[in-house]
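What follows is a single chain, given as structure tokens, in the form predicted alone.
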């Protein structure tokens, strides 16, 4: 059984409205997927809001008036290249068709160049082999009416909520910079032909932090010494391979503030999410690839075995004063600030992440032979509680233990079927530790802890469980350090053993 089948079977992720055949570009999260997604969001929230004393999370609406997107440039510029089949009338993203043929990026090509490239490469309709038409642009916004007359749209990114709320929040937070405003919420893009699962969808969740600051202070960063010697894994536009270079060595190319946040983003992936370093990189975008208003732009990328390449998980963007200047012009509101006698429009450093992409990436990296070896910090449940049998008081005692442990950990109780099959179900669900109660438990108040990844078991006292599990999750303890390994019956009902 493959990854996607496992995710659907166990209640992680599946196509939305699947009883009606599903709708391309929309996915639902089941009970395990929702738990995991919330854990990722909370890890992101705690980590990135903890980087500044003046950083806050806000929540803004999904629907905004049209003028917001006139000011942001989305009405004019938020487009993808569209080509249609003259025979079967199917639509496709022209740049994707070219990329599939050449294995090279094509986002920088304009419509005329894409049309010529499709003809030059002999690309035909993937569905029926028919001739493809001229390439045109399609705006990706979801427009709608507010009431009977006013025009609006579903937001294509959460960032605009921070920009239109900046004036109010700057005042409410006592007019200090840097000011960080974060949003974790939905965004909507009417993709032409969504593909590659949750890497490109029409409704998705973003976690974004907008840092407003005085541009004259971009080379001032009081915490820079923390990362001065820290090596970033960088893929520059003019280099073929990934290079590992310390932040201090990059000061002639990038300012301190930008380097600091690049380092913090990398540390989040390597140290918090525990992504293997060889699967991570920060990729620089060239002038044609990046948005015109971004002075610096590095994508956050993680390698995907499924798609045989690095996939974008997020980005670190220095957006200058583009956003607030645009909103000041269209809204007529004065968005300048005055600090220490200096009047200016703040610049923005954006840390932007696709939550769904990151969750899927974590699932893909952890998957092997129907087992999800998830980091305990993001696994839906931390513990599975398994009485060896229901009878002789073990079922009741197991449920009492479940209720007590549930106060501190996400727990799952299962006393149905053989213990071997219960282990197998827990492994597919990514549960890192299984607590088994047996007849010795009734005599000496001990249980076994089973480690999902090694399938080894250790016997410990019930009274020590909370402390031990806490230290295992936080990586203060390794599994083999918590006690003597115990012998278990081998391959009962086909479950995995050493």
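Numbering follows the first chain given and starts at 1. Quantities reported herein were computed from a predicted structural model and do not represent experimental measurements.
Not pictured, yet referred to below: the form predicted together with a small molecule.
Trainee: Applying a 4.5 Å heavy atom distance criterion, does residue 335 contact the small molecule in the predicted bound form?
Mentor: Output for residue 335 is no: heavy atoms all beyond 4.5 Å of the small molecule.
Trainee: Since only the chain is shown here, I'm wondering whether residue 204 would be in contact with the small molecule in the predicted bound form (any heavy atom pair within 4.5 Å).
Mentor: Although the small molecule is absent here, residue 204 would touch it in the predicted bound form, with heavy atoms inside 4.5 Å.
Trainee: Would residue 189 count as a contact of the small molecule in the predicted bound form, using a 4.5 angstroms cut-off between non-hydrogen atoms?
Mentor: Because a heavy atom of residue 189 falls inside 4.5 Å of the small molecule in the predicted bound form, the answer is yes.
Trainee: With the cut-off set at 4.5 Å between non-hydrogen atoms, does residue 317 touch the small molecule in the predicted bound form?
Mentor: Yes - in the predicted bound form, heavy atoms of residue 317 and the small molecule come within 4.5 Å of each other.
Trainee: Using a 4.5 Å heavy atom cut-off, which of 192 to 200, 302 to 310, 224 to 232, 379 to 387 contacts the small molecule in the predicted bound form?
Mentor: Selected stretch: 192 to 200.
Trainee: By the heavy atom within 4.5 Å rule, which residue out of 236, 142, 409, 293 makes contact with the small molecule in the predicted bound form?
Mentor: Looking at the other structure, the residue within range turns out to be 293.
Trainee: Just to confirm, with a 4.5 Å cut-off on non-hydrogen atoms, which of 414, 427, 350, 95 contacts the small molecule in the predicted bound form?
Mentor: Looking at the other structure, the residue within range turns out to be 350.
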